[in-house]
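Form predicted alone, single chain, as structure tokens, below.
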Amino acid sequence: MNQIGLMEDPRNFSEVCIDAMSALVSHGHSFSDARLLAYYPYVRQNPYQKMLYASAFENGFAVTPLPSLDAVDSLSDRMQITLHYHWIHDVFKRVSRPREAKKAAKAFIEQIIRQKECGHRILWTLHNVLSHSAAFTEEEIWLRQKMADVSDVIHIMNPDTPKLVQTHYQLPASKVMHIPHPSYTNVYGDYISRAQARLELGLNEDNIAFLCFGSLVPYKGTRFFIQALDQLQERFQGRARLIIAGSKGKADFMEELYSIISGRSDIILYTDHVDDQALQIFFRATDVVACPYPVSLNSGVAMTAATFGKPMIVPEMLLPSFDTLSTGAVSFKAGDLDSCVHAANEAANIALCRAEAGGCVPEIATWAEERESLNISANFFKALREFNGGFDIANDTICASAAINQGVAL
């Protein structure tokens, strides 16, 4: 499939690289200035990659998905590109035993080393300490340490990431590049009013609405926050409501969740995929977004909350990502129910005292606008280009082929 998933792409990866260089030149970049970046894995359901690469062309980079790890092997020895890796724990997707996981991790790292030996630069974005519900903890820690060792640059979004992961693996300080997670400004639909959104969800105007959003899986902390709701009802004289929205998880967890909320009129459960246009209903209707995760380096849900100008509660380890936000991000101690309830109270007070008529807290929305994807993307590519001079790669073969396509004499 091609990168937008509409039809089979008849080009091989070398041809894609040559066409990418030609496109850069046609947009006014010189051959010496143009850079190529291929990323892996390509995740269609999450807009993060498109957001991060939004200003690539303007900054002299052409970006394309890497169709497979083996695709790099087909490049000429004189073709060097930047290889950007994201969720590397995907190497464990098709394994069921530790022995198989160790073998898969070792094969992946050996392939990365071969890519480096061919002159490619390795960039790794570190999204989590470990993958959610990691099944092969020992093997994943080994994989992440080796990836940190072999990478040329490690992109982090939470400034405290090196400290937060150090009990598991070490990140060489000289390789770390901090560029924050972009907000979702201008990404999701945002035209429904708060009143309409509340009507669609069955909320009254005097309800204090909390939202737990995202896939319905144990590591999201939904069950934990339901416990906090009981105490919040005392604080708000029964006016608190909890909206739980996201795609269904495994059957056993869903059965447990249904059992917990059965008969409760203060919990609204929506178990389906929420598309980019429907998402606004949940965030516009909400007063506070709850991210009751036990572990989290970064959170797209929290950044979505900021995008819609909503106060949020986040675990302490996630708070550094919001260190420049003066109000709106309230932290709690992971696993501490009293701390969670206190944070939810504080966030609700921010919503009640500072939100405008449409339910948006201006300081939060302004903070998110400053981090919209084009700005963050531009900073990402600028930092990547300047990082120790390590990404000034001579793409002789690609340049020559692209020049022929452009009818340019080298």
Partner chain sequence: MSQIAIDDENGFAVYQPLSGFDQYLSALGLFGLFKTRRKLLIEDQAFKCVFFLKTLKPQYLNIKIATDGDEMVREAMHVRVKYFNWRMREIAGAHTFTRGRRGSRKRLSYFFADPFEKVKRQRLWLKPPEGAKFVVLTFERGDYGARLGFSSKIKLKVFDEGAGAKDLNTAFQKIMVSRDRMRMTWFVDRLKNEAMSFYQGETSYQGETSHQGAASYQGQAREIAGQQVQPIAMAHKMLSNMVYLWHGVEEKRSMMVIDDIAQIAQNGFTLGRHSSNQLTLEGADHINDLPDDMAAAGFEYSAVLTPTWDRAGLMSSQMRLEAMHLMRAVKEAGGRKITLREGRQFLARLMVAVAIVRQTGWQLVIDVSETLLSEHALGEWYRWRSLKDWLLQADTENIIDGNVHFLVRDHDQKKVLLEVTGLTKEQIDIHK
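Residue numbers count along the first chain shown, from 1. Computed from a predicted model, the values in this text were never measured in an experiment.
Only in words, not in the display: the form predicted together with its partner chain, which the text now covers.
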| item | value |
| --- | --- |
| Partner proximity in the predicted complex: residue 117 to its partner chain, non-hydrogen atom cutoff 4.5 Å | no |
| Contact test in the predicted complex: residue 194 vs its partner chain, heavy atoms, 4.5 Å | yes |
| is_contact(residue 255, its partner chain) in the predicted complex, heavy atom dist at most 4.5 Å | yes |
| Contact label in the predicted complex: residue 267 to its partner chain, heavy atom within 4.5 Å | yes |
| Proximity to its partner chain in the predicted complex, single hit among 163, 273, 168, 239 (heavy atom within 4.5 Å) | 239 |
| Contacting member of 261, 325, 179, 109, with respect to its partner chain in the predicted complex [4.5 Å, heavy atom] | 261 |
| Among 205 to 213, 297 to 305, 90 to 98, 275 to 283, the region lying within 4.5 Å of its partner chain in the predicted complex by heavy atom distance | 205 to 213 |
| Those residues of 337 to 363 which, in the predicted complex, come within 4.5 Å of its partner chain by heavy atom | 352 |
